[in-house]
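The form predicted alone is given below as one chain in structure tokens.
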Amino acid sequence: MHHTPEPLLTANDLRKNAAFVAGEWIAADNGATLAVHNPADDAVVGLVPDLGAAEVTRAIAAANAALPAWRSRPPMERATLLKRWNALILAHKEPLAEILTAEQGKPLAEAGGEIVYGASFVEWFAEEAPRIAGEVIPSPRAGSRIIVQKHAVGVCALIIPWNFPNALFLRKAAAALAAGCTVVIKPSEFTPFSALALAELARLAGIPDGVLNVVTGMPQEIGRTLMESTVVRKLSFTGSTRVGKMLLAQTGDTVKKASLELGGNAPLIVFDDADLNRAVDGCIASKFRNNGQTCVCANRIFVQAGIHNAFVARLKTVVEAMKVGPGNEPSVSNGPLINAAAIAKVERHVTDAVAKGATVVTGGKRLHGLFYQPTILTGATEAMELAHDETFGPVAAIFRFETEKEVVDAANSTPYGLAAYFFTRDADRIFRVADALETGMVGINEGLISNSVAPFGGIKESGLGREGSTHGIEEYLEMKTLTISSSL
């Protein structure tokens, strides 16, 4: 049974300029606000409260107050509410996409895809909620029983990045709520309206007051308040490795459970025996989705010598057909970058690479504002900044290689281990290379590797824990062991 409001809400109805605490829309105590800008034209999308420690402390208290009733609700009831939320999200796909494009910049079609992708996690975890089961372990002593139960961790702090402000909100929140946890969510200061719109739909779905709270504002004070709280038992953060390390250090004082999804430096390898068109399509999907602003984005593209020139020529044709512009214009494939710092980094990486011998095949220039041409560089080497630092922009840097061993060693020579991709038609090589790559996820003849049923996450300095899949809900559960001896 789907409860959708009639008529459906518009983007203006859903674009809330208040934070959401204990079921109430609130301003900052001191009236402070932050402006959110549209990266396509720098227009002000709206203002949101810039909250401080006092309001965040109240949000934590609200989540804690709502916890006992939510945690003890039968899992099927939590599932029913999540499914109602899912139905509302899907019914409001268009206005949610409009809000997302206005604050983040991605093309409307891609924004709509993110809404559907995000909702898939709500449906998935709604269905996982009733399957949270413990176990009975045979005891070493006669007349004794050992039972393992799984309980919600408690109040969780969820910190969401700007690149997928809808999907990553839902991937975390749906798992937490399904497990019986309550949450305080800190969206990026660049993209808070997507989070506030989802909170409004959660309210309309009947998710109880205090179960889901959204605190807006600058990260330092909010993050510190969440980390110092002894009530918050779990942190889930997606963002940069630098910030993730700081937050992880802060969780140490109160020994919080932590899941971190941090930076990547994903290799994409094209072997001589690859299907050329499939390799190019996979490269485009991985590299240019969200204008290169994804943590699983192909950052280093290794192409074997025998197929190198054909691959570059085919890639050039596809890249030159891309249309750059504001995300709400028809047939645009690449929107703006998120902010001035992002485009400055892209420019710095391209300038550095060219100075060290790279060739610009196409693109290589800023257009205007925050728009940058989709770019292909050849002759990339380990000496270049872009070999070690995520560009997070529309730059495909191509490294030529000769042997399998050489490319596997190069792919692994990074502190990151989030995703890797490779293209080959050799069955033996598929398992040999997949086993050798040091990453949490590997796309094989495939450029898109994320969905609700597969575990998402990395190793090394790319993070801790997994999101999505049957394993994703475990991050929000603790085990309790009961040892029961018979009194007879």
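Please read these numbers as outputs of a predicted model, since none were measured by experiment. For every residue, the number given is its place in the sequence shown, counted from 1.
The same protein also has a form predicted in complex with a small molecule, omitted here; what follows describes it.
May I ask whether 21, 216 and 222 each come within 4.5 Å of the small molecule in the predicted bound form, counting any non-hydrogen atom? No: none of 21, 216 and 222 comes within 4.5 Å of the small molecule in the predicted bound form.
What is the one choice in 101, 238, 182, 191 with a heavy atom within 4.5 Å of the small molecule in the predicted bound form? None of the others qualify; the residue that does is 238.
Counting non-hydrogen atoms within 4.5 angstroms of the small molecule in the predicted bound form, say which of 158, 270, 155, 296 makes the cut. Spelling it out, the residue with a heavy atom inside the cut-off is 296.
Contact test in the predicted bound form: residue 171 vs the small molecule, heavy atoms, 4.5 Å: Yes, residue 171 is a contact residue.
Would you classify residue 164 as touching the small molecule in the predicted bound form, given a 4.5 Å non-hydrogen atom cut-off? Flag for residue 164 set to yes.
Classify residue 57 as contacting or not contacting the small molecule in the predicted bound form by the rule of any non-hydrogen atom within 4.5 angstroms, answering yes or no. Judged by the heavy-atom cut-off of 4.5 Å, residue 57 is well away from the small molecule in the predicted bound form.
If you check in the predicted bound form, is residue 450 within 4.5 Å of the small molecule, heavy atoms only? Answer yes; at least one heavy atom of residue 450 falls within 4.5 Å of the small molecule in the predicted bound form.
Go through 319-327, 127-135, 248-256, 286-294 and give me the stretch that gets within 4.5 Å of the small molecule in the predicted bound form, heavy atoms only. Selected stretch: 286-294.
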